[in-house]
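Just the one chain here, the form predicted on its own, laid out as structure tokens.
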Amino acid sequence: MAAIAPKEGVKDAILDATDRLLARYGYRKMTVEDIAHEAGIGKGTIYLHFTSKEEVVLSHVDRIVERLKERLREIGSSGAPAAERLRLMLIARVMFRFDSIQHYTQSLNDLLAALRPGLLSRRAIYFEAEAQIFAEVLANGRSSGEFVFDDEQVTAHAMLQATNGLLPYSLSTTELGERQEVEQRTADVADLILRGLIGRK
């Protein structure tokens, strides 16, 4: 075997392999042995980083969301007007997830049905973290006079709820439609939300 990869490199290799196997087999049919083989490592190496197959898969979902949050923060901290930042952030939160699992043939809910309790509790944490990022931009927009609203936390949560139906949880990417269609629907929802914020001046 070649030189030992750094710890994070091994974890990423495991999670990359998990992503490919989820698309190929789904959670129930995939085994830790499959992940090890796909990643080109020994089964024991997986247990150095994760306690179970469930933890591997949930960590894979965590990684998608962490990368999304990085993207949202990047957009949110740009110098663009708050309305433009929020529009791009709303589109990014949907399309990033769509792109991350576009190779899956099942919805995430179907794919990870056996993990539903763990996934649901994590999902609430994911959305709360996203809401915090949106709330910061909303507060910035209110300070600059772009927006008028009562509470940035409530408004941020409402924005996320309005776009949650476009996320690939209950529908597969095939059922959601072509990428361009999903992006256009998301942009339409974002524009409607922003008109409400700006129109209340």
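So that there is no doubt, residue numbering starts at 1 and follows the sequence shown. Remember, it's a predicted structure, so these values are computed and weren't measured experimentally.
Same protein, other form: the form predicted in complex with the DNA, not shown, and the subject of what follows.
When contacts are judged by a 4.5 Å heavy atom cut-off, residue 67 does not count as touching the DNA in the predicted complex.
Not displayed here, the DNA is kept clear of residue 142 by more than 4.5 Å at the level of heavy atoms in the predicted complex. The shortest heavy atom separation between residue 31 and the DNA in the predicted complex is within 4.5 Å.
The closest non-hydrogen atom of residue 58 lies beyond 4.5 Å of the DNA in the predicted complex. Remark: of stretches 46 to 54, 145 to 153, 158 to 166, 131 to 139, the one touching the DNA in the predicted complex is 46 to 54 (heavy atom within 4.5 Å).
Of all the residues from 131 to 167, none has a non-hydrogen atom no more than 4.5 Å from the DNA in the predicted complex.
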